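So this first bit is one chain, no partners, the form predicted alone, shown in structure tokens.
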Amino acid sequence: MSKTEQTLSIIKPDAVERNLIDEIKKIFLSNNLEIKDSKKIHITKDEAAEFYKVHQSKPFYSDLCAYLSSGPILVMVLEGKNAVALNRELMGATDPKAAGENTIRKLYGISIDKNSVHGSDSLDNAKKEINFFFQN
């Protein structure tokens, strides 16, 4: 049984810098994900550290925070049937070399670090991440 969900998607600095926003949005829209809200922002390293707090014990944490705050990003609320799983499927594996054909990361990712997009990994995290960027 599929239900309508919301998830957070971030188009990361490497993809924004390469003017890939419209191409990536087209992938979401052509796969029945609606963009309910979006904004282009430039977050600070402290904000990135707060956002990625779940990864703070991992060796890549500092680089991840530096990268996400290195340039403008586009944050979006995507909505659709099984949006969390669908978005993750469309993104592909974290490492673009391991990502499936025609996934966003396979098409546009540069490296495991500069992989163009972020997407929530669960419904609980989607709610937290949407609230992080879109507090009403």
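Bear in mind that the values here come from a model prediction, so they are computed numbers and not experimental data. When you see a residue number, it is the position in the sequence shown, counting from 1.
The protein also exists as the form predicted together with a small molecule; that form is not presented, and the subsequent description refers to it.
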The small molecule: the contacting residue among K53, K45, R88, K36 in the predicted bound form [heavy atom, 4.5 Å]: R88
Single option in N31, S70, T94, N82 placed near the small molecule in the predicted bound form, where near means a heavy atom within 4.5 Å: T94
Contact segment among 104 to 112, 37 to 45, 23 to 31, 73 to 81, judged by heavy atoms lying within 4.5 Å of the small molecule in the predicted bound form: 104 to 112
The small molecule contact in the predicted bound form: A99, any heavy atom under 4.5 Å: no
Heavy atom of L64 within 4.5 Å of the small molecule in the predicted bound form: yes
